[in-house]
Structures are given as C-alpha cells and as structure tokens.
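In the block that follows, a single chain appears as structure tokens, in the form predicted alone.
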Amino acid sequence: MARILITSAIPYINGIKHLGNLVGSQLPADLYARYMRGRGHEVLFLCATDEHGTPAELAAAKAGKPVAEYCAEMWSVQKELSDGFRLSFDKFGRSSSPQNHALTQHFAGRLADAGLIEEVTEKQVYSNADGRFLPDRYIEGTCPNCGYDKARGDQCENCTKQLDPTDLIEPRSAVSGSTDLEVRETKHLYLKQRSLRGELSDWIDSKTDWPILTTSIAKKWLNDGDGLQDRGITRDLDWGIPVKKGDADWPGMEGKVFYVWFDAPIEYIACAKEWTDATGKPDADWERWWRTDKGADDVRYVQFMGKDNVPFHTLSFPATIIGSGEPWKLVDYIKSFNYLNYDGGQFSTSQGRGVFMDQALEILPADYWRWWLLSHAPENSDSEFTWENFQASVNKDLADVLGNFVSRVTKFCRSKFGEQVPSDGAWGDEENALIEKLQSGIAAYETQMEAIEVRKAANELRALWALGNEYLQGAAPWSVFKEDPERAAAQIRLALNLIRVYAVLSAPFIPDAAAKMLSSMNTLDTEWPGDVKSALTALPEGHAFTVPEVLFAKISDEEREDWQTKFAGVRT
C-alpha cells in the first residue's frame, strides 16, 4: 500500500468558479484520489480557498460586507459546490486559518534567518483615484512580450510571462480604470530566489517523469534571463497575514501583510494541520505526510493545476521550502493542464463568460459534467466546450453504452429469471474470450490512470463499457433463452456481475452512477477486479438485485438549444 498526498490548486475566494477552473485542477485531482483509494492506497487529498489579497477585498466591498465575513460566506458556497461535484477532499481548508497564519510567519522567519529575505525600498504604483497602492494584479495594461491588452501587473495570462507593473504599456487601475497613476516609494520584503537557482535547477532536472507542459514552463522561467527573479513577498494591504518573523514583530513592516502568492501554497501544509486539529488528532498525524523527518520520505506528493500556476509551484513555493532548511516534503509530480475554452471564446470568471459550477448543477447531475470534462481534459493542448459535443458525449457514452447495458441486462433478467442472479449454465468460449479482453482492457485502464493520463484513461474505460455491449449483442441471451434457458442464465449471470465490475471501475469518473449500480446489485463489494474471472463471480447464484432507474437520461436537441441560448452571453 502506497501513501499518496494530493493537492489541487486552491481557488480564489472571489466568486463561483467556472467549469474551466474545475477541470484544470480540482476535478482531475479528485479522479486520481478516488482511483488510488479504490486500489487500496492511503490517500490524503487537500484543498482550500485562497482568501487573501485585493481580489477578496474588492469582492467584499462590492458585496457591501466586511472582508472576513465575505470570505466565510464564500467558503461555504465553494464547499457546497465542491460537495455537489463530489470532490472527495479529506479537508477543504482556508488560507485565512490560524494554522496558515502561524506557518507562513514561521517560514518567513526561517528564510530571514537563512539570509534569504531582503528589505527593498521600491517604487510602487499608487492610484490617486482609488487612494491606495495597487497590488500588481490590479494594474492592467498591454503585455510588452505578446501584446495582450489585459495583462496584469504580475503576470500575463496569455503568454504566462512574469511581469512588473512598470513593464506594462498604457497601465490602468483594474479597480477604477483610472490612468491617473503615479509611482511612490514603499518598503517591502523580497525572497532571494536567485540565490537558490542551482538547487531549483537540480531539483527540476531530477523530475524526468514530469509532463512536458510542466517541465517546459518550469525550465523556461528558470533559464530565461528575467525568469527567476527575487520576488516581493509583502504588500500594502489590510487583509492578509501580518508580517512577522515567527512570533516576533518585524520592525519596519508594521501594517503590511504577506503577498498572497507567498502564503497561498503554504496553506497546502497548513490545511493538513487544520485537518488534524478539526478531528482531534495529534500533530504527528499531519506531520507524517509533510515532514521527511516524521515519515513523509515514503509519501508520493502529486499536485494538480492549470498551466498559469506552474511557475509559482515549480519555483517560488519550492524556493520557500528549500530555503527554510527544514525537512519538508517537496512535490514529486505536477500534473498541469492547458485551458478549456468555451464555445468559440474563453471561459472567464472576471467577465462572467461560460458555465459556472452552480449553474451546471442546476441543469444536470454532477456525473454528466464530470464525464465530459474529464474525457475532454485539456492535457496536451487547449480544448473547447461546445454544447453539441457535450450532448453527443453524454448521449453516446453514458446513455447508449453504459446506461443501456445496465438497463438491458437487469430488465431482461427480471422478465425471464426474476430479480436474482440466475442459476444453472456454464461459461463457454464467448465468456472466456470476453474475460481475456476485459483483463487486458483493465490493465490498460490502470496504466493510464496511474500515469495520470486523464483522457486516455477515459478512453480505456469507455472501451471497457463497449466490450459489455458487444458481448451482449453477440451472445443475444434473448434469443438463446428460447432454445437453451440454462445457457442464457449463464450469460446473464456474467452480465450482472459485470455491472458490479463497471461500478468499481467507473467510480473515479462517475461516483453517483457507480453508487447506484452497486445499490441496484445489492452489494457493498467494491473490491478492485484484479482477477476478472473471479470478479465475475462476486455476486453468487440467487443473489437478489433490483432494476435501477435510468442511469443517464439523454439530452434532447431542444434542451441543448435552450442551454446554448441561455449561456450565450455573460453571467450577470
């Protein structure tokens, strides 16, 4: 049994996330967590809300609420939606937690003691119209690298180049749109990332199994002349983690907070302590996942994120961990994703474009979305959501293949043998051939799942569903029954057991449907079908079952057209 630590990029607190956000981190992380649990491994799956920085302040002000109250309410909203999509976090924490406050201040103190923190007097953009210093991400302008006209002052979302506000062409306040900006002096703390270039380079080079997308972004940032820079880790804001060295005050830094991109990744670790504190467990229970001197040396740590988050997770967060000089667990594998686009354009939280998590669940149950998103995950390139493709995938894969198999088998058995696994009859060549194909197909599915090749794994699972239908069509028990009811009984006995096997295999992708399949088969047996022949006898002769309701309803053309029209504009 392996021990696997899984984190997905933590979502910003300011608003409900769209389906592009979901498929870029949390959903594939959940797929992997469910699969690994299903194989009997020990898994700790952590996520949280990212609550600090100007986005939270502005969203709270817009809502007319104190920022702490707003964040608490939005945490509840995001937690409810993550539950709705069946995201199986062991803990869904908050970056504003006392645990993250303490741990972030601890890391800052360790880095300072190591000589890796420098106080810098710098020039920062001040908006006269807004009466405040503007954090980098709330200055917009044209990227000098690619010409994108909505680049932020910290990074261009289009080309992922790291920027400073003064790099932008025609900068403006993202708060008010004002161009009445001036540069004023202020003092901040910088993490001396360049001092760790050699260690970071050696560490990245050692990760020979990383996806090409992850490695190419990491090395580009590391090796570009201006890629790996010393990075400011404080901001002039009210909301955030106060700047301290551990428990001690930091002279000259009064009234400042840590930059959200410094404290947010540390929340991955703090979230584990939130988990043990909430359940009354000792610190040793979370430390065994995160500290190599407490047992974490045998943990495999896997992160999931969109490609825009890769630079911070391959450089800045590892720099914090390495620079601390303490035995913290570094990530072993980073699964990164390209962007999911929406119907000819881009999903956008800020612009309200696309389908958002709450809207999706109002339309259809989670499994419909989970299947489409995972089977079309933007792994090797950007992918695009279209309503036509969504309809076709649901109708063909879920309704016509899996749902149809379950329905035909259970209804036929009820009509000819009653609601119990039929007796009599023995397997023949057709059944043995199916078992060989299933054994091979499951092995291919396992290979892709363990490699975290999401789309390929979905293809293998779909192929396994198709094998059942092909067998049923060829065996034709409805015809065989007329001449040889015992032979038909053997065929249906195998097919009923195959429903249980499909439930176990499909649970990482479509957990609710899998649970319905197990319930209809009247079993709690979720043992992985390593030996297919044995797995196909798990439900014995005479075992009672019930015919389930329709697993997946087809999407009609009228429904698809209605949704396409409804979501053609921008969410208000």
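Fair warning: this is a prediction, and the values are worked out from it, not measured in the lab. C-alpha atoms forming the largest set that superposes within 1.5 Å between two forms make up the rigid core. Start at 1 with the first residue shown and count on from there.
The discussion below concerns the form predicted in complex with the RNA, not included here.
**Q** Give a yes/no on whether Tyr268 approaches the RNA to within 4.5 Å in the predicted bound form, heavy atoms considered.
**A** The answer is no: Tyr268 has no heavy atom within 4.5 Å of the RNA.
**Q** May I ask you to check whether Thr166 falls inside a 4.5 Å heavy atom distance of the RNA in the predicted bound form?
**A** Result no; Thr166 lies far from the RNA in the predicted bound form.
**Q** Does any heavy atom of Glu470 come within 4.5 Å of a heavy atom of the RNA in the predicted bound form?
**A** Judged by the heavy-atom cut-off of 4.5 Å, Glu470 is in contact with the RNA in the predicted bound form.
**Q** Give a yes/no on whether Glu122 approaches the RNA to within 4.5 Å in the predicted bound form, heavy atoms considered.
**A** Looking in the predicted bound form, residue contacts with the RNA include Glu122, since a heavy atom lies within 4.5 Å.
**Q** Okay, which stretch from 303-311, 101-109, 328-336, 173-181 lines the RNA in the predicted bound form, with non-hydrogen atoms inside 4.5 Å?
**A** Contact-bearing stretch, as computed: 303-311.
**Q** Among Asp149, Asp224, Asp238, Asp298, which has any heavy atom within 4.5 Å of the RNA in the predicted bound form?
**A** Checked against the cut-off, the match is Asp224.
**Q** Please tell me which of Asp154, Glu157, Asp130, Glu431 lies within 4.5 Å of the RNA in the predicted bound form, judged by heavy atoms.
**A** If I apply the 4.5 Å criterion carefully, the residue I get is Asp154.
**Q** Looking at the RNA in the predicted bound form, which residues in 366-393 have at least one heavy atom within 4.5 Å of it?
**A** Contacts from 366-393: His376, Asn380, Ser381, Asp382, Ser383, Asn389, Ala392.
**Q** Please say whether, between the shown form and the other one, the C-alpha of Arg152 moves by 2 Å or more once the core is aligned.
**A** Yes: Arg152 shifts by at least 2 Å between the shown form and the other one.
**Q** Core-aligned, does Phe481 move its Cα 2 Å or more between the shown form and the other one?
**A** No, because once the rigid core is superposed, the C-alpha of Phe481 moves less than 2 Å between the shown form and the other one.
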